[in-house]
Structure formats: C-alpha cells, structure tokens
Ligand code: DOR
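The chain that follows stands alone, in the form predicted on its own, written as structure tokens.
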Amino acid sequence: MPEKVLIIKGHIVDPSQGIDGIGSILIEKGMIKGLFLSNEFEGGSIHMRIIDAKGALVLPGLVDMHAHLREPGYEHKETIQTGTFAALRGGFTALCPMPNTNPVNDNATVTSFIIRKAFQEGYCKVYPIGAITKGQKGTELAEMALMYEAGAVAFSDDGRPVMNSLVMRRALEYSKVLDVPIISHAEDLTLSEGGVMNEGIISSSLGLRGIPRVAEDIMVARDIALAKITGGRLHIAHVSTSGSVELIRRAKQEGVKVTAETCPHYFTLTEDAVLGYNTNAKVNPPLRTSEDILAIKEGLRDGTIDVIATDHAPHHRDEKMLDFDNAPFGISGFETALSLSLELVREDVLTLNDLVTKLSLNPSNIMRISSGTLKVDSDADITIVDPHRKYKLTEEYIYSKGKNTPLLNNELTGKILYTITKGRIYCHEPA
C-alpha cells in the first residue's frame, strides 16, 4: 500500500460513530488518519493514491464470526490461504474459524498454529475459535483457559452440539471467568440422527430422512436456561427456525446474556432448493420453509438476531457429488454473503446502518476484537462495494476451493470493488 491513500466521494456508513453520508477517508501506513464528511477534505497530493468511491458504499471491513477454514487436516477442502483470499472477495477483513479441524483445535498448540499460519499466509485477520470439549466429543471440557491465552476468542463444538447439559453448564460458567462467548450448535442429535434435510412434505416426497425444527428449538431452549442460571455469555449459531427466534426474543426480554446469528442462506433459500437432490443445498441446520424465513427476517429487523455470519463450509467437488445421504453438509458462503444481505435493505427489512451493524460492528463487539469501525487511529479495515452492480456467480468467480453453493450461475447484485486490510489494497476486477 502507498504510504498515503485517500478514498473520496464514497457513501460512508459507520454505525460505531453514527456516520451515514458522503465523505472521504485518509489512510496513512495502514491506519485511518482522517474521516471527512461532505467537502471538508478537498484535493490530494501527487504522492497519494486516490480511490474514487463515487456511487459506492464505504464500510468498516466485514467480520465473519462463523467460518470454516479446514486447516489443519482438510486442506483439500480449503486452506487458511485460500479461505482468507475468498473472504476478501466477499468484503471480509476479519474472520473466526471454527475448531472442527484435524486435529481439533482443542488445545493451545493448535490455536497457536492457526494464528501463526494466518500471520504468514492469511490475507485477512484470523481469530480462532477453540473447542468446548476435547476432540469435540462432548464429554470433557477442553483446555479453554490455555487456548484463550494463546489467542482463542470464543469456544464452540460447532459441527456437533454439546449434548451433555452438565458439560455445557460448566462451559458457560467458564465463559464468565474468561469473558468470552460460548457458541452453541443447537441440535438434539436424538431427534436429528440420520436426517439430511428439513422434515416435511418435500423430505417425504424425496424419500429423505428429515431433521425436525424442534431438534434446534429444544437445544436453544436448554442453552438459554443454562445461560440464565450461570450468567454466562451464550451465542446461538446459525438460527434457522421460527421457534428459535421466538425463544431468543423472550430470553433477551428477560435479560439473559444471549446473542444470536443467522446466515444468508437461511433468509434467502427454502427447502425447495433441495429438489432434484441438489447436494449443494445440503446444509446443517437444513434450509427450512418460507414461514421460517419470515420469522428470521423479523428477528433481524427487531434486533433479536444480532449478527449475519456466513458459516462458510467449503467441500471438495467429489464429496458433494456423492448421493444425497452421503454428501457432506455445507455451503460455501464468503463471496455471496454481502450480495444476499443487501437484499434485506432493498426489501426494507434492514436499514444500511442496521446491515453494517450486523455484518461488522456486532460481531466485533461480541468477539471483543478490534474491528468494525472507521474511527481515526484504528486499523484501515475497509470494504468498498457497489450495491447496484450485478455479476454472475460462476465457479471462476469463487476464489474458495469450495464451489458448493446452490446459487451457482445466478445473477447477484452488490459487488465488492475494494477490500483494504493488513496494510494492503485489494482491487477486485469486474466479473
């Protein structure tokens, strides 16, 4: 990056400062050194790089608090290098990878490896999430304090729930001591065992075993009850049902320390995407119904759901080409997240300020990381997007190793033009 960069004429949206208007941002040596609204800053210098952002949104870098980078152990699916590069394409300047790697990130050694590897090869900032239990087996707490000291910012057994209620209670008690969130993968395995899609008419017509909504709802209710008695910090991952939204809403009204996220595919796609046995639409929790989509949008609108995360879960092409029962769960989501989320603004579900809060400020605050703001003297983590530019989502457009998305070959609206982070400017060429 040049020593000085000036972004001009952009529509700056920064909820952390209550800013929503046309202005300029001055960057020096990778830090924000000035933010000027309207015509407060005019002109530049021949020694300065000028980025003309007229017609574009200038946002704090997006923060994905729920992603899967697969390294160590599953580098054929994704690596820290390829995953963080794909994240840039989606406008993310920071992300938090889940611990279901091989070996599992359940100790300080693996946590340190991920941080070191990300420092060496990562294109954006990486903040690892450690496992709640050893080996993600759900029976014995992992070395949470040591992982925290090594750099873990939260704990989760994502990919599997902690079925043992006592173990989950102890984890929430630890969350108070460490002041970190415990991220719940809410799924009752005794109800969902063998299921591969949402339980309903479509699953019956396709001859596929279904996963009922209550498998999620029951565990959300349990974890809220545990958070209530412990006072721990609970975060509910990938909310997909109307029942979960209502449970979280009530818990917040009662003062329980609970936050929640959903993902773009849960407010964009229904179980209909599975028709034709489309394995790219196989995800856990599964795509639900239009009723659930409406409830999730209302949860986003009224603040019940705090965060939009990707749950980016890349897989090798050969794995997704297996029959539906045996293909792995997961959708590749970095590159499409902002485009899909911008639809919420067009539908008047969210304001731009609300959207940026859920994609940047809230995840930063929940994970206690220094992102999500354009304040002077903060790191220059910036996303510039043309909200009206259309592009076709082809395999070539997707930088991730995982091309597994049911949106392939669709036309999407809202294209990232620049991502700035770690002292570098990345210009994304038109598709």
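Throughout, we count residues from 1 along the sequence that is shown. What you are looking at is a predicted structure, and each value in this text was computed from that prediction instead of being measured.
One more form of this protein should be noted, the form predicted together with this ligand, which is absent from this view; the next part is about it.
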| query | finding |
| --- | --- |
| Residue (of Thr111, Ser156, Thr241, Asn284) lying close to this ligand in the predicted bound form, criterion heavy atoms within 4.5 Å | Asn284 |
| Asp311, Glu261, Glu271, Glu335 - the one with a heavy atom within 4.5 Å of this ligand in the predicted bound form | Asp311 |
| Options 225 to 233, 346 to 354, 313 to 321, 297 to 305; stretch whose heavy atom lies within 4.5 Å of this ligand in the predicted bound form | 313 to 321 |
| This ligand in the predicted bound form reached by all of Gly91, Lys125 and Lys358, non-hydrogen atom within 4.5 Å | no |
| Partner contact for Asn100 in the predicted bound form: this ligand, 4.5 angstroms, heavy atom | yes |
| Partner proximity in the predicted bound form: Gly330 to this ligand, non-hydrogen atom cutoff 4.5 Å | yes |
| Residue contact check: Arg213 to this ligand in the predicted bound form, 4.5 Å heavy atom | no |
| Arg288, heavy atom within 4.5 angstroms of this ligand in the predicted bound form | no |
| Residues of stretch 66 to 86 in contact with this ligand in the predicted bound form (4.5 Å, non-hydrogen atom) | His68, Arg70 |
